[in-house]
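Take a look at this single chain, the form predicted on its own, given in C-alpha cells.
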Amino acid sequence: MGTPHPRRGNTRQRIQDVALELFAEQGYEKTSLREIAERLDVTKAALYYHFKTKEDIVIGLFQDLGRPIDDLIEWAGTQPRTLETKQEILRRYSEALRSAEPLFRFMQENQAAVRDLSIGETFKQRMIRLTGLLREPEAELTDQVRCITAIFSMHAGLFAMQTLEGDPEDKRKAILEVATELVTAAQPGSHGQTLSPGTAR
C-alpha cells in the first residue's frame, strides 16, 4: 500500500468505493468483508481498522456522501424563505446529488437491506427537512405537492434519465429546470411567473 501510514481518509474512501462496486455487482447480502478485503488487496485486519461490519461501511458512506446535503439543510435554515433561497437550495441539492449518486443507486438496488439498516430512517428525516424548507405549511395542497415532487423528481432523474439519449450534464440541467419550475409555481404570489434556474441571483 505504498507508504506505511497511508492517509486514513484515503483508505477509508477506497474501502467504501470497492464495497459499493461489489454491492452493485452481487448485492449487499451476498458480499462479505473478506471479498471486500481481497479486492482491495489488504488483510481483513486492515479492513477492520476502519470498519467492523458491512453496515459500518454503509453508515460511513451515508455520513460522508450525505454531509453536503446536511450542510445544505443547515445553511438553508438560516436563510429567508424567498423564492431565490429555494431556487438556490435546488441548485445546491443538484450538486450534492451528483456526488451521492452511487449511494442512491445502492439504496435503489438494495431496498430490503436499507430498510433493515438505520440509514433508512436517517434518509427519511433528511428528506422531510429538505421538503420542509421548500414548501409553505399554509400553502394550498397542490403547491405543497409541487415542492415535494420537485425533490423526488431530482431523485427519479438519477435513474429514469438513464434511458434517455443525451449528455449527462444536459440531463442534470433539465431535471434542475423542471424542479425549479415546480417550486417557482408553488411560491406564494408567483403563480404564472416561471423563472429558469439561472434567473434568480
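A residue's number is simply how far along the shown sequence it sits, counting from 1. Being a predicted model, the structure only gives us computed values, none of them experimental.
Just so it is clear, the following notes concern the form predicted together with another copy of the chain, a form of the same protein that is not shown.
- Contact check for residue 32: no non-hydrogen atom falls within 4.5 Å of another copy of the chain in the predicted complex.
- Though the partner is left out of this view, residue 41 does not reach within 4.5 Å of another copy of the chain in the predicted complex, counting heavy atoms only.
- Taking the partner from the other structure, another copy of the chain in the predicted complex has a heavy atom within 4.5 Å of a heavy atom of residue 135.
- In the predicted complex, at least one heavy atom of residue 171 sits within 4.5 Å of another copy of the chain.
- Of the residues in 156-179, those that come within 4.5 Å of another copy of the chain in the predicted complex through at least one heavy atom are, in sequence order, 156, 159, 160, 161, 163, 164, 165, 170, 171, 174, 175, 177, 178.
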